[in-house]
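First, one chain by itself in structure tokens, the form predicted alone.
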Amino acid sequence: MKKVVDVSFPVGPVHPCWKEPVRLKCETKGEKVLQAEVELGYMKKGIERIMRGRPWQEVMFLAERICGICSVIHNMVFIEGMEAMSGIPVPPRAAYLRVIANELDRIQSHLLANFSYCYTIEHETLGMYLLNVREKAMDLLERLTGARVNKAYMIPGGVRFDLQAEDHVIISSTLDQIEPDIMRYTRMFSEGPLIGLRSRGIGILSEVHAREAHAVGPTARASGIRTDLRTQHPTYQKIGFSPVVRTEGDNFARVMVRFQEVAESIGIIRRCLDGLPEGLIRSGGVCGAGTITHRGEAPRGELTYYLKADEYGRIVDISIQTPSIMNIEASAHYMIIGATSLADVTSTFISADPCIACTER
């Protein structure tokens, strides 16, 4: 029998384009990829096991250490789950401040993802431009929460720090600086001939395949699936929000969705600042016993926490489903298959913005 596969080609676990260690095993015929598998297990932390039996005050800090790139949403989903389980109200001002922190975190996460893609296709100039803008978003997060990476900004019943008048002015003025830069870099990406050759029509994930793979977040929305959990969040519903959806389903569309979502996040933050309610930033309340499954929209898609706590607020059981596991599978089993060049394997995988830290925990 004739051998169909010519070469088994490993990519990773350590690769210049990877932010975190992961191994792709590609079966190829010539340069064409016939099938691919993902090999994980290089950075497992066992963090869910560490969380069990600990009080919520400790688990709150552990949750945001699952991932340093999207720590705010881990903090937010865990705290909102404890609040819903314990019947703890959140003042309107605190709810708006949570949205501001969450959207600033989404901006920096998306810019880092798009930097990684530009770096992978060797457009390092645009990639460095994006990192420079990301630093401004990180500075705003530090101004609002007091830290750049692990903020622990949200607590049951509210947030830790209020937004001062001078902070309001600085955030507004910085957004005015960031927005034209984002528009310029979006045009550079969308109109660049090199980027078009490396991105358009490559790594296509159809809507049917996206649904079969249960893809989420920008990866799903780039394939025409209009799903964004922010549309179900009461605070986002008050502020006003429209999901960004494209239909091309290729590498280009996934990166463009993130660019467009950065612009949408800037608009959300501005509406929060303009309509920021007066009042308390904490309502108080005690975390108690209960069981709940709570979800939120992370930068990469749907994040789910299953929580079970005793009467003292200790976490008896916890299970976390992060978005990247579905997107990684979609990438390996659909997007990479049929790639006509091994150079497209890394760029296609990076276009899904995989977060290995979240996935392995």
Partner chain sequence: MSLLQRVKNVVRSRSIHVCFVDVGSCNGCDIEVLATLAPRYDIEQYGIYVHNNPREADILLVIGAMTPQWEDKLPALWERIPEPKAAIAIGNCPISGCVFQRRDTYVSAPVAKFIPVAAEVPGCPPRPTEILSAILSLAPTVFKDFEERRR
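Numbering follows the first chain given and starts at 1. If you're wondering where the values come from, they're calculated on a predicted model, not measured in any experiment.
Unshown form predicted in complex with the partner chain; subsequent notes refer to it.
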*Specify the contacting stretch among 221-229, 130-138, 93-101, 257-265, defined as having any heavy atom within 4.5 Å of the partner chain in the predicted complex.*
130-138
*Within 4.5 Å of the partner chain in the predicted complex, do we find a heavy atom from each of 179, 184 and 238?*
no
*Partner proximity in the predicted complex: residue 338 to the partner chain, non-hydrogen atom cutoff 4.5 Å*: no
*Mark residue 172 yes when one of its heavy atoms lies within 4.5 Å of a heavy atom of the partner chain in the predicted complex, and no otherwise.*
no
*Wondering, does residue 142 line up within 4.5 Å of the partner chain in the predicted complex on heavy atoms?*
yes
*Using heavy atoms and a 4.5 Å limit, would one call residue 66 a contact residue for the partner chain in the predicted complex?*
yes
*asked:* Using a 4.5 Å heavy atom cutoff, which residues in 201-225 contact the partner chain in the predicted complex? It's fine if the answer is none.
replied: none
